[in-house]
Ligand SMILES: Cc1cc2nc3c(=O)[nH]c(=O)nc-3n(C[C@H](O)[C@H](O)[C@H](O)COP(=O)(O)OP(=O)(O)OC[C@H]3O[C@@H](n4cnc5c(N)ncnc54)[C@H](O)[C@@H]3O)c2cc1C
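Just one chain follows, in the form predicted alone, and it is written as structure tokens.
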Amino acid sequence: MSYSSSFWEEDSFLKPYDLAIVGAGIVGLSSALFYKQKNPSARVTVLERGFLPKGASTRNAGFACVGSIGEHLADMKKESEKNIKRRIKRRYEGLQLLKKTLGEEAIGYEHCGGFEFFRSEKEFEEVVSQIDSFNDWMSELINEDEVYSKGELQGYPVIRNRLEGALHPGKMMEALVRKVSELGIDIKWSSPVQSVAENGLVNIENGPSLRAGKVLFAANGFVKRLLSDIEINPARGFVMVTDEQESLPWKGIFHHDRGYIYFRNIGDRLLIGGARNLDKDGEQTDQFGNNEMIKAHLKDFVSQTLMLGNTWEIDNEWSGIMGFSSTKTPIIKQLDQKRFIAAGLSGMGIAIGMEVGRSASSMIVL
């Protein structure tokens, strides 16, 4: 039997919204926050398919980073220098906005520094030769000098980025939910959206239909389920955390292999994730789960490369779903008279998610 709402529901909970946002991740909630601040009288709702934000906002590694030199050099083989510079600036400014809006303590931020980690001396020499150039870029783009420097950790060559840090994604999203709720924004959890019509009618699975003046798609890795022609592909990322180690030598955040592998300490535990480049086609999915080949590769990396041996165990493991655009630049645009999109954060949701949300809110006029 189809859902039938009462007169009372229609005259309260289901009154038309000025803005409905699909997706309660960092982009969706940030969009709601900035929109409501500009339009205090607007009626705003955020619709989330999961009991918690079901994507990557609470399922990432907690890196507050602008990217390694190796990643940027790899991207420059496919994109222009202008685009890479714009990306670096956006990530840096996005992190400043996040910390300013929510507060460093509330998001569990630690200014621990970031490291690009190398196993190959040849690869290290190729990347380290670009340090001066990228330091000039950082001075030009964000007015920060001597950001990158070379060094050594545990016998491996590294390039340090003094600006980077780590945070707690769960605390970050809790703080954002609180801030949004305090403004009177209505978050509807466990409300999977089936479709959104051009007239702003939002259909919820096994639930009512909502009417909205404007609708923003902010579902990132899941957006293709609702907008099949959008050029954003899902990508699954695997993460695991070890048990506590008596003496963990790795402190800070680390990038390896152009950023495809990443690891950090959480106290005396090691978090490690990534390596989806080992099976890119298989990991281009919006289904949660583990790729055993990738998991085995990361376990071997921990035991052999990071020298933890065979005495450690996995305490937690999970996957998150990201959304990648063809150029790693998010898609923020108006689709028609009532519908908008802000998605495709390409694995950098922490750095740019709030800034993308602010940009999305600016293009939606009450």
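Everything quoted here is computed from the prediction, not taken from an experiment. We number the residues from 1 along the sequence you see.
Omitted here: the form predicted together with the named molecule. The next part is about that form.
Inset, instruction - Heavy atom within 4.5 Å of the named molecule in the model of the complex: which of I294, L210, V193, I185 fits that? Just give me the one. - result: Result of the distance check: V193.
Inset, instruction - Consider the chain as shown here, without its partner, and state which of Y262, Y109, W250, Y92 has a heavy atom within 4.5 Å of the named molecule in the model of the complex. - result: Checking each option against the named molecule in the model of the complex, the one that comes within 4.5 Å is Y262.
Inset, instruction - Choose one stretch from 333-341, 54-62, 37-45, 296-304: the one whose residues place a heavy atom within 4.5 angstroms of the named molecule in the model of the complex. - result: Result for this chain: 54-62.
Inset, instruction - Could you confirm whether G320 comes within 4.5 Å of the named molecule in the model of the complex, counting heavy atoms only? - result: So G320 counts as contacting the named molecule.
Inset, instruction - Decide whether V239 counts as a contact residue for the named molecule in the model of the complex under a heavy atom distance cut-off of 4.5 Å. - result: Yes, V239 lies within 4.5 Å of the named molecule in the model of the complex.
Inset, instruction - Look up in the model of the complex whether A351 has a non-hydrogen atom within 4.5 angstroms of the named molecule, and give yes or no. - result: Residue-level check for A351: yes, a contact with the named molecule.
Legend entry - 4.5 Å heavy atom contact, A219 and the named molecule in the model of the complex: Yes, contact at 4.5 Å.
Legend entry - Interface residues of 19-50 toward the named molecule, as seen in the model of the complex [heavy atoms, 4.5 Å]: The stretch touches the partner through V22, G23, A24, G25, I26, V27, G28, L47, E48, R49.
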